[in-house]
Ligand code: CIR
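Below you will find one chain, with nothing else, as structure tokens; this is the form predicted alone, and questions on how it binds or moves follow later.
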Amino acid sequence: MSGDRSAYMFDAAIVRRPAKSVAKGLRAENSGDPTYEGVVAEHDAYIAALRSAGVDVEILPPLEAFPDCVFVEDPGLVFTQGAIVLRPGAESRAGEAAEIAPVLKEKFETVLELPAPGSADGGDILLTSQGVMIGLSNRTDLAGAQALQTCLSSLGLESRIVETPEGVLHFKTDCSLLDDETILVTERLARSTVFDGFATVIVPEGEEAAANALRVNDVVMVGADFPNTIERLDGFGYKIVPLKTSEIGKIDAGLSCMSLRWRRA
């Protein structure tokens, strides 16, 4: 991919307002509950950053029955070619797919649905210039990954299945696209060789959570609490937009999961 076909070029996005129940969101380790006000503030800044980067953002209402609903990327995938309604791997999030499906059908001529019984979360899916990478994790199983490959093939997209490091929530927890040739990645994921063929930038030790950055058009959004990563990326010439993620980080989230992004045909 090159030019306006780059995997990080977007002009449209969908986000969902945080629910007041967000403090009950899922997490692997308990580092305290996020505050609703804190998550809203971080979400507002995120929307502003997307719009500033040239993206038309549609804001969906919160779903109080689903504490993790702000992480709208997990129940769906969107591409210029069409959309896919996924089957989230966490039982408490299963109903989010039915909520996002009608929204996607309004926006895309082609909307596919991941068939049962497999599960797949959008947080395990990385679009690159070399195709789509599907990370196996506790939320994306082999049956779901294989079914997703069939859906992607129907949209004309190539894909491959890769492994997520043990104990890591999602594949994109540990990596993100910096440009068509370069991946920001943790040392533990880089060791797996899944990014052979790409240049890599390793996040500094102790800032592993910074690997979930988000390239949108001309800017790279990075968690503001990771100064060493920001300095390293700045040294490579990337235009950095620091964003606070301290509240959403308490429920195992980062920047990529708060929006569905695509380039309209």
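What you see is a predicted model, and the numbers here were worked out from it, not measured in a lab. The first residue of the shown sequence is 1; numbering continues from there.
The form predicted together with the ligand is left out here; the points below concern that form.
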*With heavy atoms only and a cut-off of 4.5 Å, decide whether Val57 touches the ligand in the predicted bound form.*
no
*Counting only non-hydrogen atoms and a 4.5 angstroms cut-off, does Asp11 reach the ligand in the predicted bound form?*
no
*asked:* Under a 4.5 Å heavy atom criterion, is Glu42 part of the interface with the ligand in the predicted bound form?
replied: no
*Does the 4.5 Å heavy atom contact test between Ala147 and the ligand in the predicted bound form come out positive?*
no
*Using a 4.5 Å heavy atom cut-off, which stretch among 169-177, 77-85, 152-160, 101-109 contacts the ligand in the predicted bound form?*
169-177
*From the list Ala224, Leu26, Val219, Ala209, which entry has a heavy atom within 4.5 Å of the ligand in the predicted bound form?*
Leu26
*Does every residue of Ala49, Arg215 and Trp262 put a non-hydrogen atom within 4.5 angstroms of the ligand in the predicted bound form?*
no
*In sequence order, which positions of 95-124 have a non-hydrogen atom within 4.5 Å of the ligand in the predicted bound form?*
Gly123
